[in-house]
Ligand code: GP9
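Next up: a single chain in C-alpha cells, the form predicted alone.
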Amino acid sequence: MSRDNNRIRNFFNTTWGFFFLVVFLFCVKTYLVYLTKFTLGVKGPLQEFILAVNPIPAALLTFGIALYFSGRLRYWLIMIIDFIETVWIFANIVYYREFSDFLSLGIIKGSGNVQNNLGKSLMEIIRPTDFLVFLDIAVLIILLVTKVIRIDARPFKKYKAFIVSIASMVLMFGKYSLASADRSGLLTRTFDNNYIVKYLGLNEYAAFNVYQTQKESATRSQAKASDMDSVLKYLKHSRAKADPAYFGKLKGKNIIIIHLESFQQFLINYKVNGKEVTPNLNKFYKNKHTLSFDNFYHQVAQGKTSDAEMMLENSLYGLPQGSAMVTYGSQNTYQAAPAIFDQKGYSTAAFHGDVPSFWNRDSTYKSWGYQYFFSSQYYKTKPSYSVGYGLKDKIFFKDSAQYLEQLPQPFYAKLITLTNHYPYLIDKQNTDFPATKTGDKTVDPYVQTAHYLDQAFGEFLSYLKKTGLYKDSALVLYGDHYGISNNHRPAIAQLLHKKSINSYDLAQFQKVPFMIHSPNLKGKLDHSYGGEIDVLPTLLHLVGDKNNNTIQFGTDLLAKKHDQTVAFRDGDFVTPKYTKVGSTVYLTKTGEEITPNKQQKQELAKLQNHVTTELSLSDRVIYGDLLRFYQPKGFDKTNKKDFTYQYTKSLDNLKKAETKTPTSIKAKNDGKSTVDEYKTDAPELKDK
C-alpha cells in the first residue's frame, strides 16, 4: 500500500501529475457549480453526459498554455489561470442568481454606467457557499507551500504541450458535434445563453459572446441603406390599423408615464394577512376610465430597465446581450417617443432620482429627443432621502412637482420610480406593511417596497387632481420587468399559493401591469396579449397619430388586428393559444403540457419563424444603425446638440419655454407654485 502511495505522490510531483490534478479539480468544481448554482434545464442521459464533460476541453486548452513555459513559471501560470477561471465562475454565480443569465461582454463593458449603488445589491446576492469555488485553489497552494507536492523544474517537451492543445480542440469539436445532434442550430438559432453553457460550457459561451460582440461592432460599418428594405417589407404587412373607437381619444392630453420599478402583475389585488399590497393601484386598475391589460408581459433581457425603456419609447427590442442604451444609445439614430411628441408640439421630460449616467441615460435621452432630464442633481439629497438605487419614491414624486408644474402643456413626461428595486430595502419608519413569510430573504420584503410605491403613487395622484393636471392628462403606468427572478421557485410557488411550479407558471409570472387612464377615456379590462414592444404604437393611435411610417415592431394593443404573439428575448413566446418555453409547449388557457401533433407543429413553426424574424430584424436595425438611412415623412431626425441637461442651462431653458408658451399649470395659476398642494406623509420631510 505504501508503495502505491509513493507512486501516486511521485506522479503528482511531476508536471503531468500536477497538471491533471488541477484540471480534474477544476472540472469537478465546474460541474458541481452547474448542478447547484445554475438552472440549465438538463434532460435525459445525453445532456447529463454532455454537462459532465463540457468543462474538460476548455480546461485542457487554457491550462495547457502554461505547459509551453519552463520550470517554476509553469506552475505559477497554472495557478494564475486557475484563479482567473474561478473568478469568472464566481462572477457568473453571483450574476446568475439575480438575473437568471450569464455575464456578457456588453454587460461588463457597460458596468461603468450601472455601478452606482451596486455594492448593496451584491452584498445581498453573495452567499458564503459561493466562495467554496476557491477551495481547490487554496488546497493546491497549501500542498505546494508545504511541499507535499513538489515543483517539477525539469524541462517539459513542447510537443507534449502541443498534443494537449490539439487534444483539447478535438474534444471540443466532438462535444460540439454531440451538442448539435441534440440541439440543432445551437449557435445560429437559439437566443438563450443557458443552452450554450449547458451544451458547450462557460468558457465557450464567453468566447462565443466576444465573437458576437465583435461581429455586431462590424455590422454598423458594413450596413447600407438597402438593408432597410427587408425591415420595411416586414412592417408593411405587420402594422395594425387603429380602432376608431379609441383613435385620437387622448389628443392634446398630457402624457404622464409612471415607470413602476420591478413591479409584477400578481401584486394587483394581492393580499398579505388580509391587507391589500397596493390599494391605490388596485382602485386605479379597476377604474371605469382605465384601460387595464391583464395579459401584458415584460420582454427584457440583460438590459433589464434599459430594455424596457427601449421598447416603451422606440418599439425596438433590447439586445440578446448587454444593453442597447449603454452600447448604442449615444451613437445611433432613433425615432423615439420624445422626439415624435416634441415634433407634435409637446414638451418632453424624464424624471429619475439617481445619477444621470445610470444606463447611459444622460446621453441616450438626447438621442431620443428629451428636452429635459431631471436627474439626481436636480433634487435635494440627504442620506435619509435615498435607498438602494436613488431617491425614495415619496420624496421623488413630491420634489418632481416643482418641475412638472413648469412644463408647458401639453407635455410628455416619464417618471421612473426606484424604491421597489432589488434588494427591496426600506427603513422601519417607512414600513407599515407585513412581509411575506416564504422564508426567502430576497422575496419577503418585496411586498413592503411595493406597498410603499403604491402609497407614493396615491400621493402623486392626489396632487394631480388638486392642481387640475389630472383632468388634462393621461396617466400610463407600466411594470418594467420582474421583481422576483425565476431562481426563487419555492418562494414563487408560495406566493402563487401552489405546491410547486413549472416553466409554464414561470412564463405567466412574467406579466407586468399596463394601464392607460384619463377622465374622458372609456375604460375596460382588456384581455389582449401583448408586451412592452406594443406600448408606443398604442399611445400614438390614442393621441391621433396614424403612425404609418416610423419603424416600430409592436402593434396597437387596442387594434382589432393586433398581433397577440408575445416574443421573449430568448426566442420563447406566449400567444392566447400556446406558451413555448425552450422545447416545451403548453396550452396557454390551461397550462397543460402537450406533445404537438402535426397541425400544432405547423402552427408552432410558423409562430417561431415570426418571433425569430421579428427579433432578428429589430437587432439588425440597432446593430447597423439603420434608422440613419431612413427618414419617415413628417419626422425630422433628432440632433443631440439641441439638448443640454446641465443644471443651470436646463432650468434657464425651462423658464424661457414657460415664458414663450405660458400654458404650464404654474402659469395658469398666475405664476404661483402649486408645490404646497403636494401632501406626503414621508417621515423624512416632517421636520423641514
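Worth saying up front: this structure is predicted, and the values here are computed from it rather than measured. Don't overthink the numbering: it's just position in the shown sequence, from 1.
Omitted from view is the form predicted together with ligand GP9, to which the following refers.
- Heavy atoms of His481 reach within 4.5 Å of ligand GP9 in the predicted bound form, making it an interface residue.
- Although the partner is absent here, Glu313 lies well away from ligand GP9 in the predicted bound form, with no heavy atom inside 4.5 Å.
- Ligand GP9 is not shown here, and in the predicted bound form it never comes within 4.5 Å of any heavy atom of Asp82.
- Mapping the unseen interface onto this chain, Glu261 counts among the residues with a heavy atom inside 4.5 Å of ligand GP9 in the predicted bound form.
- Put simply, of Lys394, Lys198, His352, His541 only one has a heavy atom within 4.5 Å of ligand GP9 in the predicted bound form, and it is His352.
- Note on the partner interface in the predicted bound form: the residue among Lys304, Lys249, Lys414, Lys511 having a heavy atom within 4.5 angstroms of ligand GP9 is Lys304.
- Contact annotation: ligand GP9 lies within 4.5 Å of heavy atoms from the stretch 416-424 in the predicted bound form, the single such stretch among 323-331, 416-424, 273-281, 587-595.
- Along 347-376, these residues reach a heavy atom to within 4.5 Å of ligand GP9 in the predicted bound form: His352, Asp354, Phe358, Trp359, Arg361.
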